[in-house]
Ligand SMILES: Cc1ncc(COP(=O)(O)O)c(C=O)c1O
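First comes one chain, alone, set out as structure tokens in the form predicted alone.
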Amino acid sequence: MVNKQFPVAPRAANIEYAIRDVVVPALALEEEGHEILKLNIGDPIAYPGLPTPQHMVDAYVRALEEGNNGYSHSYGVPELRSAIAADEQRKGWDASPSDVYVCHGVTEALQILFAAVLTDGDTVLAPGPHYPPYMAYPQMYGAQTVEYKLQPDNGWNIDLADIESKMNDTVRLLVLINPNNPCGSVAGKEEINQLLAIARKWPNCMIVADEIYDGLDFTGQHRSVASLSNDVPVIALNGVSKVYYAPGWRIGYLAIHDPARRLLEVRDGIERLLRSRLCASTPAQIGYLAGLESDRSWMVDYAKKVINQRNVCVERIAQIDGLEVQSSGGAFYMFVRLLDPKWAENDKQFVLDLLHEEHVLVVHGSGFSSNLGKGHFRLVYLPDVDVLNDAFDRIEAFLRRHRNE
């Protein structure tokens, strides 16, 4: 008799996470002895030359040695909440420590926010292409995600008219990922003000400002959304993972900007959820605190390295028949267009075939949006220049070989 499988909940069975899903076949190839050139995951620690700053590591270790291993306050270590509030104040708005809630990374902050705000029939309006959890998580709370367009032929700028056409009374959260993952675009003051003007028309809607890459803006245009809002509620998301190069510490936060004091009940719901899950890692919070309170001049050299590697990618892609890209303005991603019809219609197959034939790992664009990401792939430009050049040589050979079939 065959054992009947215990049913899985649809909310789990339907989740996809393209960035890590493509790692599964890559691991199988590695087990066979192949070396994979990995341009797939936005983990700066996975690449040489961008280590977590030593003073932050020292603070983390010191916290361990001094026995700071117990539960912290559910909303975060008070000193860290104060330091984050001060950092947000430098970005231009009157954040207080009580507005800041420390989480297990921005991913948990999103889960907490969605759980506190969304109910059956609600809508999250998020950019397409987008970071996958914005599509995966709302369904767990009976809500849906609707994508608004970014403009692939206009620097991946926001299509404000498309947002206007999709706004209605069910939209509770309007998401801005800035700088954007996966496209690397940066929205400036004018775009943000237009976004706020749209949200202002819908009293049930707040803006989610995912600003985890704000310190990796190479355009000089980035502005905190909260700093520009005098009335629309804004939830700012940020953390230690990207700008402070410590993704494995899993420390992020949400900060509530509520100038009209309309989120008192939502805040209470967030606090109840946070208390129920105890706290974020105490020693990791202390390590992040050291990063916020110490000199940040080290960031200049890190940014120079990242920008140089970005420029190498732009130059190489321009020379490869079958690829096209608009230079990234922030974060450390590029969203590359596939021009050959064979791959433009099946970007996932491109990624899988490239992996198996050339052992180069990138992420299919349709994994970031089945419609708006189609015909692209995302690459991370954090590997050393030699690795990037090797990867582009292989990609070029792959495209040429299949074009001549």
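Keep in mind that what you see is a predicted model, and the values were worked out from it rather than measured. Sequential numbering from 1, following the sequence displayed.
Just so you know, the form predicted together with this ligand exists too; it's not on screen, but the next bit is about it.
Undergrad: Thinking of Tyr131, Ile212 and Ser241 as one candidate spot, does this ligand come within 4.5 Å of a heavy atom in every one of them in the predicted bound form?
TA: The answer is yes: all three residues contact the partner (heavy atom, 4.5 Å cut-off).
Undergrad: Looking at 217-225, 98-106, 184-192, 276-284, which one sits within 4.5 Å of this ligand in the predicted bound form if you count heavy atoms only?
TA: Stretch with heavy atoms near the partner: 98-106.
Undergrad: Tell me, which of Arg262, His73, Arg250, Arg316 has a heavy atom within 4.5 angstroms of this ligand in the predicted bound form?
TA: Checking each option against this ligand in the predicted bound form, the one that comes within 4.5 Å is Arg250.
Undergrad: Tell me, out of Ile112, Ile177, Val77, Ile198, which residue has a non-hydrogen atom within 4.5 angstroms of this ligand in the predicted bound form.
TA: In short, Ile177.
Undergrad: So, in the predicted bound form, is Tyr333 in contact with this ligand at a 4.5 angstroms heavy atom limit?
TA: The answer is yes: Tyr333 has a heavy atom within 4.5 Å of this ligand.
Undergrad: Using the arrangement in the predicted bound form, list in sequence order the residues of 190-209 with any heavy atom within 4.5 angstroms of this ligand.
TA: If the 4.5 Å heavy-atom criterion is applied to this ligand in the predicted bound form, 190-209 yields nothing.
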